[in-house]
Ligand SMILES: Cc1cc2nc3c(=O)[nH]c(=O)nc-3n(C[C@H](O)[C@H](O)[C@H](O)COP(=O)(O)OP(=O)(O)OC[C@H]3O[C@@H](n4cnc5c(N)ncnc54)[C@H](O)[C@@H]3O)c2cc1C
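Here's a solo chain for you in structure tokens, the form predicted alone.
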Amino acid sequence: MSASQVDVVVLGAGMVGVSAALHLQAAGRSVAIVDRHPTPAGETSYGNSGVIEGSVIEPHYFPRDLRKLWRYARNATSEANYHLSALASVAPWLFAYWRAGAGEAAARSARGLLPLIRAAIPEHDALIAQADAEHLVRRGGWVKLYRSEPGWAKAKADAERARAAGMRIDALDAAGLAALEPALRGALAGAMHMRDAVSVQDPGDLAAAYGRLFLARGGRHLVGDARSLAEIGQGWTVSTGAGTLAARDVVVALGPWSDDVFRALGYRLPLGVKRGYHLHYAAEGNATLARPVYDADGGFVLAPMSRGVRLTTGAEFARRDAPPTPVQIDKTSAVARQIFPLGAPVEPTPWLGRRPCLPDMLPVIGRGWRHRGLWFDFGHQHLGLTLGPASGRLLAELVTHAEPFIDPAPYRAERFA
């Protein structure tokens, strides 16, 4: 087939890719999305807690509590799991992650994350309004529970720092928690209500709504293989089911699969993967949740979704494409029933997703320094749903040479060169 031409090809149709495509489109560029799935959110963006975060001031650092690390090493916790066969391949990344989680390196990551977090909800709100998707959104924040007194003490100190940064966080006693979420139960040391966040009843549905907006504005979504990307003259081509697509600029927004493209082009960026699972359950009796609830000690989230109560697990460290091993679902569901009356699963098989992470827990947003017209937008760790529209805006401003709304320096790919 003969080649077709657009200004920009975005590789990846998750929340990050669709958001970047919308912002590039709004800046006057003709844009096509290429993905192996025919609709948005076919992978990581489909399965998460559904929280658009507004109260985070620090990334997910590597744990440094020795007792917790010993439990991790024995695979004795519901919060984390690892494949022994994968340790040799994931150990270098884990070491880099550990190094980046303390001292000035950690402070630098926190400084880099905060501008994106501040922009996250306003940027989502603009797209929600344009996509007529308000019916998918809840404005009640989320709740973080603490079972242990040491965890609760640390949470109160963390909340003070967050309040100093302008976040709205309320400490809840038993009566306050019962008023907010009557179905929760069990002995708890305390809880925090993160009031600035919003949540959605289905993350995949929200990405799909943004995708429909992109198509309605003249964008194209083509099924193709991102690994076919090739540099041709002053631009790029990629093979799709509709023929060869050519563009002056290309954006790699493939989440955990981004290294399938950038490694072939000579980049050695330390992209790691934290795998995770979810499963939907019915609730017993008339129990309901009004907002997502995170058990800080159990390392899981219970989130009300259109399909039921979604139970999400912590991290699994394994090879990206290894077969699913959802042992954390069984461990986590037993712990979750201590705080909420989960009923039976409403689907037969847990879903497996992959979180793309750089060691410093900041995304890569900006140019590929070895090539003209190559742009990166990936590595959003646990916050892809949250940060997609904000990072998409920044990426579009860089591609179109507009004034960036925040300093792009913390997200430069060259920080790993």
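Note that residue numbering follows the sequence shown and begins at 1. In this text the structure is predicted, and so the values were computed from the model without any measurement.
Omitted here: the form predicted in complex with the named molecule. The next part is about that form.
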> 163-171, 226-234, 69-77, 241-249: which one contacts the named molecule in the predicted bound form at 4.5 Å, heavy atom to heavy atom?
Replying inline: 226-234
> Even though the named molecule is not shown here, does Asp360 get within 4.5 Å of it in the predicted bound form, heavy atoms only?
Replying inline: no
>> Can you tell me if Ala32 lies within 4.5 angstroms of the named molecule in the predicted bound form, counting non-hydrogen atoms only?
In response: no
> Hey, in the predicted bound form, does Ser55 get a heavy atom within 4.5 angstroms of the named molecule?
Replying inline: no
> Could you tell me if Thr312 has a non-hydrogen atom within 4.5 Å of the named molecule in the predicted bound form?
Replying inline: yes
> Just one of Tyr97, Phe317, Tyr267, Trp257 has a heavy atom within 4.5 angstroms of the named molecule in the predicted bound form, so which one?
Replying inline: Trp257
> What residues, if any, in 359-392 have a non-hydrogen atom within 4.5 angstroms of the named molecule in the predicted bound form?
Replying inline: His380, Gln381, His382, Leu383, Gly384, Leu385, Thr386
